[in-house]
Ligand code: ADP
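In the block that follows, a single chain appears as C-alpha cells, in the form predicted on its own.
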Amino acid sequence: MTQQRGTAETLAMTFEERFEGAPDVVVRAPGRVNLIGEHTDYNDGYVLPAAIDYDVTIACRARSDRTVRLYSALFGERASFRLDRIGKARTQGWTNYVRGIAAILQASGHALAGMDALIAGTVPLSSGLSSSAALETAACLAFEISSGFRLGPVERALVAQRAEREFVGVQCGIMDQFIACLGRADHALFIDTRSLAYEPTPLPEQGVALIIGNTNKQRGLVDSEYNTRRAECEEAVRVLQLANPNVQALRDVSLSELDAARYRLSERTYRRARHVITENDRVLASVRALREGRIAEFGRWMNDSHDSLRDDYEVSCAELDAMVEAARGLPETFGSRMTGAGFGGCTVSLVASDAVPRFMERVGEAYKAATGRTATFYACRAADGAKVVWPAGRE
C-alpha cells in the first residue's frame, strides 16, 4: 500500500502541474490475468480471473461546466470533449473509453459534471491484460466521484461493458470489467458469466507467485478468428438442440452428450465444443483445488487448459507454446498456460516464489533461443478492484 500511495501522491502533484490546482481524488482500477476459463465467457460458462497489481490511475477534479479535459501521461497527449456532444474520436483512440463511459452514464440517467483528469497506468498495452477495462472502470469511478453519486461494483462493471460494446464497438464479455470492479487482494474471482454470480477464491498468500510472460508478439488474427470461434460454438449449439431443446449454450452440455452427437458435427466443430465443455469442468475443478489448498493439482489443470486451447480450440501460436514449454520444463513451475484471446500476448505461470528470478532467466533464455524474441515478465499479486487511493482514508 505504501508504494501505491506514493504513486498516487506523485500523480496528484503531476495533476497540479497540468491543470493548475490539486485534484479532488486519485482512483485506480487493476488489469487482470485470467487464471483458467478461456473462451468460455461467450458460451455462458465459468471463468477464474484475478485482478493484478498493475493498474490504471486517474487523478481528477470536478469542473463547474460541461467540459471534460484529459491528459494521458503515457501518450503525452491532451484531449477534451463536451458532455452535451459526445462523439467518437477518430484519432486519440484512448479517449473513446472515457467518452464511452460518459455517454453510457448519461444514457442511464446520471447527471454528470465536467471533469479534469490526468490518466496514467502500468498495465502493458496490447498484452491481453485488459488495460481497456481498467481505463473504463477507473473513468467510471472518477465520473461518479466528480458528479456526486456512487454505483455499486456490479453496476459499474455493467456500465463499463456497455461502454466498450456500444460506444467503442468491441463485443466483449463481462469478465474483464467484472474483475476490475470486484477483485480482492490474494484472491481470484470465480464468475458464472450467465448468472453473474461470483465468489472470491483464495490464492496462496505465501510460497507461490503469479508470473505473466509477455511473448511480445502482437495478437494477430484475434478479431477474425474470435468471430469464427463464436460462430463454430453457435453451430454446435444449434446441432445439440436437435437432441435437447433446453440447450441454450455449451455450458448446458456434458461431454457425454457431446460425444453422443459427434456424428452430427464436423470434426472441427466437435473439437471447438469439446474445449469449451472441458474448460468449464477444469474451472470448477480448479476452484475446488484452490479452496482446499491443492496447488499442484491446480497447476495440472492450467497445463490441461493450455493443451486444449492449442489442440482443440487452436488459438495458441508458436511463441505461446514455446514459452509454456520452457516454463513447464522447470521443476519450480506448478502450471503454465496461455491467457487471453490467443495468437500472441501472454502466458500465466504459477511458480514457487523463491524461484522467480531463476524462472524469468531460464524461461527468457529458452524462449529467445526458440523464437528469436525477447520476453518480458511481470511478477504479480492478486489485487483489489477499483477504489480511491488518494487522499488516504477516502473511499
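Note that the structure is predicted; figures quoted are calculated from it, not measured. Just count from 1 along the sequence shown to find any residue number.
Absent from the display: the form predicted together with this ligand. The rest refers to it.
Shown alone here, residue 56 lies within 4.5 Å of this ligand in the predicted bound form, counting heavy atoms only. Using a 4.5 angstroms limit between non-hydrogen atoms, residue 128 touches this ligand in the predicted bound form. Within this chain, residue 97 lines the site of this ligand in the predicted bound form, having a heavy atom no more than 4.5 Å away. Within 4.5 Å of some heavy atom of this ligand in the predicted bound form lies at least one heavy atom of residue 119. Comment: this ligand is not present in this chain, but in the predicted bound form one of 87, 148, 93, 207 has a heavy atom within 4.5 Å of it, namely 93.
A single residue from the set 214, 132, 193, 308 has any heavy atom within 4.5 angstroms of this ligand in the predicted bound form; that residue is 132. No residue of the trio 171, 270 and 272 has any heavy atom within 4.5 Å of this ligand in the predicted bound form. Note that among 274-282, 132-140, 79-87, 239-247, the stretch whose heavy atoms approach this ligand to within 4.5 Å in the predicted bound form is 132-140. Although this ligand is not shown here, in the predicted bound form the stretch 74-91 places heavy atoms of 74, 75 within 4.5 Å of it, in sequence order.
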